[in-house]
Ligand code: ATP
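Next up is one chain by itself, shown in structure tokens, the form predicted alone.
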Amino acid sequence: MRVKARAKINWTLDILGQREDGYHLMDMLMQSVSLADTITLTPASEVTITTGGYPKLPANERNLAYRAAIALQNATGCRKGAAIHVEKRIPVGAGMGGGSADAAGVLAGLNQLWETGLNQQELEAIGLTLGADVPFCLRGGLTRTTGIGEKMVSLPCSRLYDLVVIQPCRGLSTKEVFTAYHEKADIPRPATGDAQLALENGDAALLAESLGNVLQAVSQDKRPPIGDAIAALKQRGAIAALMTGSGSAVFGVFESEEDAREAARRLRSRWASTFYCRTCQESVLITD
């Protein structure tokens, strides 16, 4: 079985508070994009994992895809095995949910392969135990996501956008970024309601005015190339450019596929980790 596990972007990211256990309360507009890892699942006597495409990716119990398989076993009592191979294309440490996408792909794929029969809600509940972005990566499409990532409202989306994604520097520690956020004053907040309306109606101009990520200023302070990449995307014609998640990837929104592909081609000479992709309405695609 082959599974395409798609990345995500944050159109908006806002922090509304913090729980006593340290988890942050979020308000985010998130959407799946076509940039994806490929996961191959083969029946086996036990759960094993191998990886490709990124040399430092762990191929052991620290890998979220492996942990997803064990979590599904524990939740269902299933004792079937699988040989899992993850071929990475989503940049690592980018804020694009690559590890969460892999976990979601394994949960959805093995739920079919092992015939465990869990519904979407049950899979998302298991996903939340693995990471806050896993439930979204299971559901996909466009959502307004609140709580710590477990409260999602799926939204209509009348237009798909052509994007250029750049990872201009090494990743950041999410914990470090959130800590620095609390020490920074006067951070501008996204107009999340307006951005939602813009995405639902396909209003690119309103979308460009409404986007925002409260972590961007903090991450940019720690990794100035983030700001450089955002400026370069705008110089190449992006109608808007923003950091996704806690970084370090940024994305630019373009009016056409032709414009986006040309911008990606030119920017790749400066940043090797540059990708063309599109927003989409599905996150996990399973093929036999």
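Quantities reported herein were computed from a predicted structural model and do not represent experimental measurements. Note that residue numbering follows the sequence shown and begins at 1.
Heads up, the form predicted together with adenosine-5'-triphosphate (ATP) isn't pictured, but that's what we're talking about next.
Taking 4.5 Å between heavy atoms as the contact cutoff, choose which of 160, 118, 92, 169 touches adenosine-5'-triphosphate (ATP) in the model of the complex.
-> Result of the distance check: 92.
The single option of 80, 88, 144, 85 touching adenosine-5'-triphosphate (ATP) in the model of the complex, heavy atom within 4.5 Å = When adenosine-5'-triphosphate (ATP) is considered in the model of the complex, the option within 4.5 Å is 88.
Indicate whether residue 62 is a 4.5 Å heavy atom neighbour of adenosine-5'-triphosphate (ATP) in the model of the complex.
-> Because a heavy atom of residue 62 falls inside 4.5 Å of adenosine-5'-triphosphate (ATP) in the model of the complex, the answer is yes.
Contact flag, residue 97 vs adenosine-5'-triphosphate (ATP) in the model of the complex, heavy atom cut 4.5 Å = Heavy-atom contact with adenosine-5'-triphosphate (ATP) at 4.5 Å: present for residue 97.
Taking the shortest heavy atom distance, is residue 252 within 4.5 Å of adenosine-5'-triphosphate (ATP) in the model of the complex?
-> Flag for residue 252 set to no.
Residue 52 near adenosine-5'-triphosphate (ATP) in the model of the complex, any heavy atom under 4.5 Å?
-> Taking the distances in the model of the complex, the answer for residue 52 is no, it never comes within 4.5 Å of adenosine-5'-triphosphate (ATP).
Given that the partner is absent here, state which listed stretch (98-106, 150-158, 210-218, 197-205) has heavy atoms within 4.5 Å of adenosine-5'-triphosphate (ATP) in the model of the complex.
-> The contacting stretch is 98-106.
adenosine-5'-triphosphate (ATP) in the model of the complex - contacting residues of 120-137, heavy atom within 4.5 Å | The one in contact is 133.
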